[in-house]
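Below sits a lone chain in structure tokens, taken as the form predicted alone.
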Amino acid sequence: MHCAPTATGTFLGMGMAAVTTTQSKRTSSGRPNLTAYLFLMPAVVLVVLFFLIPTILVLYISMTNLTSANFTADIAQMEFIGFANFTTLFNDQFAQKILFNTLFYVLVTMAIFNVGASLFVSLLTTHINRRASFVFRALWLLPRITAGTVYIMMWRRMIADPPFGILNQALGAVGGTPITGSEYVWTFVVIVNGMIGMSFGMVIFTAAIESISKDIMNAALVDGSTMLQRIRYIILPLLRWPLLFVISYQTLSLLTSYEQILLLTNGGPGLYQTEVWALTAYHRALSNYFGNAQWGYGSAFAVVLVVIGVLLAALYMRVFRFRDLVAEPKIETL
């Protein structure tokens, strides 16, 4: 004999079904998140091992008097001295000059080559024949794929004293000063480094420009826009993300770049004439005239460089309105 289901049983069954459905949704929604976290774990491990831990170690070493003189089997000779290294750094009579050299080197190189010239080359090569543009961009990649030492030695050979250095020979023919002189040395440093950095932005900007929908460009053509108008009102506004990335990355890259200047001028000619902050950190920590590597003092220079990089990155994100770039489209919030 079968009994008709009561109202209480019906509601209880509906409630259990709702709970089961909610639990299944939570389980199904949790699985993709767990999968995403598992895929992110290798990157997290690499960041912790090769960025976070070294940063903490450098910060700690910058607050010690660790040098090659007291680095022995008995590590207890190292003393924690707090902010004494930073006090010495800011009282250094050449610190202001080195900081000015660094800002000048970063801003001028980035504005002319790493962002300015790379954006110009990208715009130029995306408006010409495709095969010709490929060859042109491949030529600009040569400085980056060439070994750094070989690349720098080629430039050093070109600015050697006449009759070997072709550039100095040409300047001497018109009564100019040799490039290694104080009049041209910064121009030389910026050009040599800019030729390397320009290719990175060129690749990013070219990919971003070619990814713009053809329908937008065709609509602008139908409206009678000129090439300059399309660049000004369509292409450049759509390059905010690539611009933010390239400017931020190249700023940090130039701030920490010193190997080219080390091989070119080693901070000279003269006293700290082309010395930049990263090169000073290297000289203090690993190479100086007295043979006593001041690891703690050099680490203090590195910490200041990290702080400058973080502040500049935050400034760029503010200028480019990073929150607006990562905000969800309005249509998806309706």
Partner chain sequence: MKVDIEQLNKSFGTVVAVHDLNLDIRAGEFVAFLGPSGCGKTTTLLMIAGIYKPTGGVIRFGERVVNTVQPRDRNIGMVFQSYALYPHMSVFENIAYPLKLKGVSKDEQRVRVQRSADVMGIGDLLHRRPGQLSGGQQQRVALGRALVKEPDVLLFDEPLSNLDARLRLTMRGEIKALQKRLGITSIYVTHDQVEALTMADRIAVMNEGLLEAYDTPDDLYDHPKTLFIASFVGNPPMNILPIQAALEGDAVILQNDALRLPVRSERALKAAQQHGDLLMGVRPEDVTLSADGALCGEVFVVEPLGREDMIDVRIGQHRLAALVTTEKRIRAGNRVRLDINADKLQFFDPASKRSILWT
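Numbering follows the first chain given and starts at 1. Note that the coordinates shown come from a computational prediction; the quantities given were computed from them, not determined experimentally.
The protein also exists as the form predicted together with its partner chain; that form is not presented, and the subsequent description refers to it.
J.: Pick from L89, L244, I216, I81: which residue has any heavy atom within 4.5 angstroms of its partner chain in the predicted complex?
T.: Flagged contact: I216.
J.: Quick one: is S225 in contact with its partner chain in the predicted complex, heavy atoms, 4.5 Å cut-off?
T.: Residue-level check for S225: yes, a contact with its partner chain.
J.: I'd like to know whether I234 contacts its partner chain in the predicted complex, with contact meaning heavy atoms within 4.5 angstroms.
T.: Yes, I234 lies within 4.5 Å of its partner chain in the predicted complex.
J.: Can you tell me if A95 lies within 4.5 angstroms of its partner chain in the predicted complex, counting non-hydrogen atoms only?
T.: Flag for A95 set to no.
J.: Can any non-hydrogen atom of L221 be found within 4.5 angstroms of its partner chain in the predicted complex?
T.: Output for L221 is yes: heavy atoms within 4.5 Å of its partner chain.
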